[in-house]
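Just one chain is shown here, as structure tokens, and it is the form predicted on its own.
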């Protein structure tokens, strides 16, 4: 039994370490921040983290290939705006929800095609998509914004439904990335694109697929955020939100150089980042300081990852 526990601990070192950090943080905050451990605050925290965690899950697929996607928040906003426009125009909430996912998948496909087929730089492509998607959302929503949706939409996508969506999405995406042949090909590409191609992997198709997955995850986040405010607007996807997404992924052990990372750890990273934001909000700390802290966390996490990589290389030499 002890051997099994040792193997389990060794194979799950990263998530267990993160869980320990989160538990310690929550215990400390329960004594130092009033109302932090209340049932209402914890469920609110999980529902607030859901959209970031799901977008982080999608971006994790891209990062593991060695790519980059900074357009997720803007795709989220644009797809949500188009979906709400359809909902309020046709009165069909189901159709509008499907449109959100189709639009987000389409924008993700454009990213993937430009990067995989046209061999454009991922950062440049997704930066351009961020601008285009924000412009699309602004044009459609107009100066006065879109109408408020019927209460039935928010009632269906309540915080408990959202928490359930997060758990199911994270479990499915983690399984796809880590347990399927499709996922293994993503790791092959991230470790060595040329070697993967020689081995018969269709690099272009796999890379395009990861950007579509990232887009769909942004669409799911758009549905969640739309239910939260009962409408959609271009400002739903602020550029600063990508900092939370990348922070969560990096803290979760996803390598920005590709070839390493899992969805489950990335979601734990999102929970950690969400917990920091929640605490700062409860304590009335300025957003400027919150952003500073998150940026420092990214630098620290990347520094630790780089140090570990260098040590591993020296041992292997």
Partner chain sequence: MKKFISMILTVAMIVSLSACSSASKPAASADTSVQSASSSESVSNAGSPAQDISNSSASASNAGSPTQDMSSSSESASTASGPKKQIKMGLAMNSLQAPAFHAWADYLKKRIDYEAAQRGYEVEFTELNANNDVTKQANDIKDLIAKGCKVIFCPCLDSKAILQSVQEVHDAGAIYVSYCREVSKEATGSQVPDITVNFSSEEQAYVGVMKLFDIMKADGVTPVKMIDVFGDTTDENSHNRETGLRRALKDAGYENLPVVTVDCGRWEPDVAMQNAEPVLAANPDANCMYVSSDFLMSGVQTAMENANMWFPRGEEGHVYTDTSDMFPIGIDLLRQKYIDTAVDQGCYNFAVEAAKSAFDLLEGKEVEKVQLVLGTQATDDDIEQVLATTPLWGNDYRD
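Quantities reported herein were computed from a predicted structural model and do not represent experimental measurements. Positions refer to the first chain, counted from 1.
The same protein also exists as the form predicted together with the partner chain; that form is not shown, yet it is the one meant from here on.
Enquirer: Would you confirm whether the three residues 41, 146 and 289 all fall within 4.5 Å of the partner chain in the model of the complex, going by non-hydrogen atoms?
Expert: The answer is yes: all three residues contact the partner (heavy atom, 4.5 Å cut-off).
Enquirer: Which among 228 to 236, 179 to 187, 118 to 126, 196 to 204 is in contact with the partner chain in the model of the complex, heavy atoms within 4.5 angstroms?
Expert: After filtering at 4.5 Å, what remains is 228 to 236.
Enquirer: My question is simply whether residue 154 lines the interface with the partner chain in the model of the complex - judged by any non-hydrogen atom within 4.5 Å.
Expert: Although the partner chain is absent here, residue 154 would touch it in the model of the complex, with heavy atoms inside 4.5 Å.
Enquirer: Taking the shortest heavy atom distance, is residue 257 within 4.5 Å of the partner chain in the model of the complex?
Expert: Flag for residue 257 set to no.
Enquirer: Is there a heavy atom of residue 241 lying 4.5 Å or less from a heavy atom of the partner chain in the model of the complex?
Expert: Taking the distances in the model of the complex, the answer for residue 241 is yes, it comes within 4.5 Å of the partner chain.
Enquirer: Wondering, does residue 11 line up within 4.5 Å of the partner chain in the model of the complex on heavy atoms?
Expert: Outside the cut-off, so no.
Enquirer: Residue by residue through 274 to 293, tell me which have a non-hydrogen atom within 4.5 angstroms of the partner chain in the model of the complex.
Expert: Those in contact are 276, 278, 279, 280, 281, 282, 283, 284, 285, 287, 288, 289, 293.
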